[in-house]
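This document opens with one chain alone, in structure tokens, the form predicted alone.
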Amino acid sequence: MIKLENLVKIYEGNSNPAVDNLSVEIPNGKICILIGPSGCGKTTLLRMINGLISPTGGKIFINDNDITEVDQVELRRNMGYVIQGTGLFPHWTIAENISVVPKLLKWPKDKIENVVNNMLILIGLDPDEYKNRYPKALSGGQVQRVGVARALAADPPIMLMDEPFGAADPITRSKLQNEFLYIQEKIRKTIVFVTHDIDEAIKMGDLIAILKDGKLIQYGTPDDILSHPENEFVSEFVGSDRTLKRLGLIKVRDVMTRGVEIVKSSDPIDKVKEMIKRVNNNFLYVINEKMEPRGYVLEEDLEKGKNLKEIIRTMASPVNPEDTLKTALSNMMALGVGTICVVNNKNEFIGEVTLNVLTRLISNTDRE
């Protein structure tokens, strides 16, 4: 656990504290997001946790140990640090960059080589193809991933991340976020993550600390902050669309309807007509022999063709149970439909989510 107790930082020549009597506890294995306007103390906090700057007052504890009473070099070696742009050494190979801390720790050569290979596999890069390359030969997203691998190489219990994906374009950034959350599911590090992007904070954080003028304004889960903002500042900071943002916290699996009636593309029209009357619905999903969704058919179209393949309509891109309702809504809106099908990892149809369900959830949030 990381515990910040009545922490204060006043820089010389400045009467206003950069960090003002801040206390917070970050449980082991959780991602804590630090967010707030420029100059609110986010990066200062990160640098104090890392021992790069000393607090003016208060204490920092890591697993009940006051960090001022431990060797500062040893402290930093037990923390991975990832910054915007990664800070890779351009004249070193990817393997050399990843192995910086293990070499400082004087690990055996074969252990270091094994770690480099494992780290590259973890971030989705083939060791044989990438370890002898130089950073300039990689894409921006790959460089960012190598920065994460370098921070993880010595298996530190804590990671500090200062806007690590800030320089990436939106598409790459989203992929990096997803990849990192996937890695975190495996490694369960304690992470302090600085960002200025509230959407990134909501997506990445188990806990969010909102700061202003060095003070902690609100600390809680993303859902706590979205559903119960502490004051007007927090409400404005998270945005007027906070009810929609909450959809990014709810998984499809939590609200999907299973046991939905479906037809196969090879079924005769008469069978489909009977089924539509029986289920009292004006449309049915259509699947193929492998249970993969192929579209949907409307009751009004059943007289327009001799078989289903001639009248199947295009549907919204399917979602899987682990996607968020925000993704489901986005896919629905892209095609202007009110329902979306859910598939498993084999792309087999397993259920649906409807716009009516999402509307009820948004209405309930508004009432809260």
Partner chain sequence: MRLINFMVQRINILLQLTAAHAYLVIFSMIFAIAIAVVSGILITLPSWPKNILLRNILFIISLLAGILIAFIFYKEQPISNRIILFMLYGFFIGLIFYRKVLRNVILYIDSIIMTIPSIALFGLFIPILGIGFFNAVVALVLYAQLPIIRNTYAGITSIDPAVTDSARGMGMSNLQIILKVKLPIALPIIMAGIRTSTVMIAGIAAIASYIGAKSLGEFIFRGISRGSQNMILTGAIWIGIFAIITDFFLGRVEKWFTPKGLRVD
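For clarity, a rigid core is taken as the largest C-alpha set superposing within 1.5 Å between two forms. On a predicted model such as this, the values are computed, not experimentally measured, just so you know. Numbering follows the first chain given and starts at 1.
The protein also exists as the form predicted together with the partner chain; that form is not presented, and the subsequent description refers to it.
In summary, the region of this chain contacting the partner chain in the predicted complex, judged by heavy atoms within 4.5 Å and restricted to 132 to 140, 107 to 115, 183 to 191, 240 to 248, corresponds to 132 to 140. Contact with the partner chain in the predicted complex holds for none of R253, Y285 and V343, as no heavy atom of theirs lies within 4.5 Å. Although the partner is absent from this view, M275 stays clear of the partner chain in the predicted complex, with no non-hydrogen atom inside 4.5 angstroms.
For K175, no non-hydrogen atom is located within 4.5 Å of the partner chain in the predicted complex, even though that partner is not displayed. In the predicted complex, the partner chain stays beyond 4.5 Å of every heavy atom belonging to V70.
In the predicted complex, the partner chain lies farther than 4.5 Å from every heavy atom of K271. A heavy atom within 4.5 Å of the partner chain in the predicted complex is found for exactly one of T339, T327, N50, N320: N50. Comment: the partner chain is not present in this chain, but in the predicted complex one of S227, Q218, S265, Q84 has a heavy atom within 4.5 Å of it, namely Q84.
In sequence order, V73, R76, R77, M79, Y81 are the residues of 64 to 81 having a heavy atom within 4.5 Å of the partner chain in the predicted complex; the partner itself is omitted from this view.
In the core-superposed comparison between this form and the one not shown, F233 has its Cα shifted by less than 2 Å. A displacement of less than 2 angstroms separates the C-alpha positions of G205 between this form and the one not shown, with the rigid core held in common. Fitting the two forms on the rigid core leaves the C-alpha of T93 displaced by at least 2 angstroms between this form and the one not shown.
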